[in-house]
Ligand SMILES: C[S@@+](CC[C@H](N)C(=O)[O-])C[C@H]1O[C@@H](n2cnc3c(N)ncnc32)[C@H](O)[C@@H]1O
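Consider the single chain below, provided in structure tokens and representing the form predicted alone.
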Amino acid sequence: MTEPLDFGRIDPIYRGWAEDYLRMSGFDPAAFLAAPQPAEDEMFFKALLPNFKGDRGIGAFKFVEATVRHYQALDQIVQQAFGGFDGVSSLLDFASGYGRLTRALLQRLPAERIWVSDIYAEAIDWQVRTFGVNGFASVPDPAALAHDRKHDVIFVGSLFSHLPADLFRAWLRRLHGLLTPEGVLAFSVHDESILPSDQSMDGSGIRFFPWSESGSLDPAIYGMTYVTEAFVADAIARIAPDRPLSWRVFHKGLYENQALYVVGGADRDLSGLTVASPPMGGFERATLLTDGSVEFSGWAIERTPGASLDMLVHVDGEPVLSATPTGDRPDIQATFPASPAPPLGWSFRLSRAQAAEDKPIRLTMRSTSGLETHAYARMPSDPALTYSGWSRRALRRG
């Protein structure tokens, strides 16, 4: 039987990296990691963890990293629309699962202002018990949803990327109806740029495949969905045919490759809204050179149009040097189709004393957009695996 993810019992190296990542992102690690993640969480145990061969240390670090990226998108919207979280009277995280984002929101909003909902009623019951937030169960049919409270912000991290056409339109209309007039609804989709290469988009502007990472939801209503911007624009237009709504789309705006749509309430103008995407990258190789120094190398990508990267190296929390770009990485490009800038290779050297086994090494990819991402490595006594960003490769010792 699967056990909950107890953050206090994972490999201390990964725990240390997760705590550092949270501190660097403005969160209290102790509060964020206090509650174990339940064994029933399909998104962690069936979707994320298998990508890392069941290694809970790596999985826990990725859990933190993904949550911060999730939060970074929401934070930009809230800052611009409401001047910060203090201006939000009610926020709904819809399709929230077991509360990954709730861990971050609790450090920005009182629990009484946070609402969560998911089709897994037990996930909502767990969040209400554990975090003290408000919650209600979702249902397969949006017309049957028993909730009419209005919210300033509704965030839907990954539901519309799984819905067939009729449910896509129906849920979009139902959730928009829960907004205050000045509210904002943000949701992510798989756009056509990441449609599998052996498939094609038909004239309807949506392709739905009846399968997903879920082992329990009906694949007829929860599968894998890819859409064109024209399809989403039409779905938004159907919400209020007599009064066009203000909306924006930000490609690569959420997760690794999902597009983020933001739709305003009846009185909300979003024409000036901007949402940047955090950079991504990771370590790949550590090479012990003949003079005793160690050369580290890897890759990075800037995903915000018009922005550029600095790559700063810290050892044991202290700044040391900058990583040097080493040219384009076409082998990484396929992972980020239609990205605004090509992925780059990078490298840097440390003395053997700097790369001692007890010293964590952090590479901060700092974008001119204002967003940062952090990758980590450590010289182990045996060749342990280290991961960061999108990279799932071992840190090789050459």
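Residue indices: 1-based, along the sequence shown. Keep in mind the model is a prediction, meaning the values are calculated, not measured.
One more form of this protein should be noted, the form predicted together with this ligand, which is absent from this view; the next part is about it.
If you check this ligand in the predicted complex, you find no heavy atom from any of 295, 348 and 379 within 4.5 Å. Residues with any non-hydrogen atom within 4.5 angstroms of this ligand in the predicted complex fall in just one of 229-237, 179-187, 320-328, 91-99: 91-99. Residue in contact with this ligand in the predicted complex (any heavy atom within 4.5 Å), chosen from 140, 205, 219, 305: 140. Only one of 268, 248, 151, 162 comes within 4.5 Å of this ligand in the predicted complex through a heavy atom, and that residue is 162. Taking the partner from elsewhere, residue 43 is found to have a heavy atom lying within 4.5 Å of this ligand in the predicted complex.
Contact annotation for residue 119: at least one heavy atom lies within 4.5 Å of this ligand in the predicted complex.
At a distance threshold of 4.5 angstroms between non-hydrogen atoms, residue 134 is out of contact with this ligand in the predicted complex.
Taking the partner from the other structure, this ligand in the predicted complex has no heavy atom within 4.5 Å of any heavy atom of residue 209. Residues of 152-191 placing a heavy atom within 4.5 Å of this ligand in the predicted complex, in sequence order: 157, 158, 159, 162, 171.
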